[in-house]
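Just the one chain here, the form predicted on its own, laid out as structure tokens.
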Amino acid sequence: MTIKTAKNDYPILDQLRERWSPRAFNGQPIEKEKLQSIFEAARWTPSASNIQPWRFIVGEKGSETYKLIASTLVEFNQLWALTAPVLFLAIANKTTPKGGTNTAALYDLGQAVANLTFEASALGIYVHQMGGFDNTEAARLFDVPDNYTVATAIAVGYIGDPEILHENLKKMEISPRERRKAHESVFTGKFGQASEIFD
């Protein structure tokens, strides 16, 4: 079992250092109370005007919901995601209560998924978000209203042995995690101007 801990330059929480997106899950079902905690963490996410645009459709392995979510995944993701005991869709309401456009909807959904991801991490559970799925088909299969957008498919579970993966995926599972340096993303003054906080 591989745990790809971040090689951070500055101190951060252990849940952040140890969070990563595995493709090998051991298939062990996630306890109901832990799933409840994960989505409770999403519930308490901040959002613009407290609109709370996030919605989730959750399928546990063996259920029709799980099978339908799995059917929307691209072939590459189907190679590994079906080792996860839970699949779910993250959905954003694009409209405000007054019928206007909620320009912060996807931003707030992303925050909610981040919150649930770190709650999961604290519980020893791993989350892998996927853009590789057919969101139009997902919306059709689950009768998602037109004012909502299906943003992401997500696999959740306990980490498994990389040896269970297709040969083409094993290298990605054990390779070191890499990110550009923080100072390359943080500016002061104009865009692209290095911030003095990293001097």
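Numbering starts at 1 and runs along the sequence shown. Remember, it's a predicted structure, so these values are computed and weren't measured experimentally.
Here the subject shifts to the form predicted in complex with a small molecule, a form of this protein not shown in this document.
The partner is absent here, but in the predicted complex a heavy atom of Asn77, alone among Asn77, Asn115, Thr83, Thr95, sits within 4.5 Å of the small molecule. With the partner omitted here, the residue from Ser121, Asn102, Gln111, Gln129 that has a non-hydrogen atom within 4.5 angstroms of the small molecule in the predicted complex is Gln129. Remark: Arg177 counts among the residues lining the small molecule in the predicted complex, judged by a heavy atom distance of 4.5 Å or less. Although the partner is absent from this view, Asn135 stays clear of the small molecule in the predicted complex, with no non-hydrogen atom inside 4.5 angstroms. Remark: Thr152 counts among the residues lining the small molecule in the predicted complex, judged by a heavy atom distance of 4.5 Å or less.
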